[in-house]
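Shown below, as structure tokens, is a lone chain in the form predicted alone; questions about how it binds or moves come after it.
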């Protein structure tokens, strides 16, 4: 890669970082919302176990295991699901992306840099949230061995790409309709259940688990958390690796195809 290209990408990343911090109160409220959601989930499960015996289990999880699970998945979702593309559909429909289309830079690269800057911003705030949650709830979290940790990092990066593709698909709705908020709201409401944010998916009946695993949603955070907690067998790790990469490939192909189709039909309304 040429030095000038690297400098161009670095400048774009820096500008996106600075733009993301223009409205600091919005950033603070978003992080506070994520933090309070984690506190609420951890408090609820701590309360459930309060009246139980120390060695008692609920849905097959001991108290320390459940608290560790909710702690990890809250942190993981705060990073994976944070995205700068929430307003992409509105930018498309209003014609705001015309400004980027006229510049000598790929719109996809621009969106990637924008999303990466947002991830870095959220990761910076997440460090303080992790410390606060750890001090309050004192979860017992053991680091897995190095090979498992390596797979966990790869799976997490794949989940970030997967969420980017999903966000791009929702952004593509703006090419054809102004009604983009409701589908996205419904998606994130559904995601709270299907990605394991409120409870581990393996507490559900087998038939419901199979339905969940027929979607990409568990691969946005649930399987990564199960891997970190070392609850997956070698065969399950191999299966989930193939399925996760398969979903990334399928959704990347769909997002690219629909986005290109939208650009062909794009007439920059309002510009």
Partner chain sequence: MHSYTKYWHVWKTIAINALQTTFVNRGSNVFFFIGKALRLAFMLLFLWMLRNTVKTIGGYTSDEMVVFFLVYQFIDTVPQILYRGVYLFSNLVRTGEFDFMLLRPINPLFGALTGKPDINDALFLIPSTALSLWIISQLSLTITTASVALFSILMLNSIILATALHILVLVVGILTTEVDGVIWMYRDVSRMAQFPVSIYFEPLRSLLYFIVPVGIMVTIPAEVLLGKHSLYVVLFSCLFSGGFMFLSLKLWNWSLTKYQSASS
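Residue numbers count along the first chain shown, from 1. Just so you know, these numbers come straight off a predicted model, no measurement behind them.
This next part talks about the form predicted in complex with its partner chain, which is not shown.
The contact residue chosen from 169, 72, 198, 154 relative to its partner chain in the predicted bound form is 198, the criterion being a non-hydrogen atom within 4.5 angstroms.
When contacts are judged by a 4.5 Å heavy atom cut-off, residue 128 does not count as touching its partner chain in the predicted bound form. Residue contact check for residue 145: none of its heavy atoms lie within 4.5 Å of its partner chain in the predicted bound form. Remark: residue 205 counts among the residues lining its partner chain in the predicted bound form, judged by a heavy atom distance of 4.5 Å or less. In the predicted bound form, its partner chain sits within 4.5 Å of a heavy atom of residue 44. Contact here is defined as any heavy atom lying within 4.5 Å of its partner chain in the predicted bound form, and by that definition each of 26, 36 and 136 is a contact residue. Of the candidate stretches 184 to 192, 146 to 154, 80 to 88, 160 to 168, only 184 to 192 has residues with heavy atoms within 4.5 Å of its partner chain in the predicted bound form.
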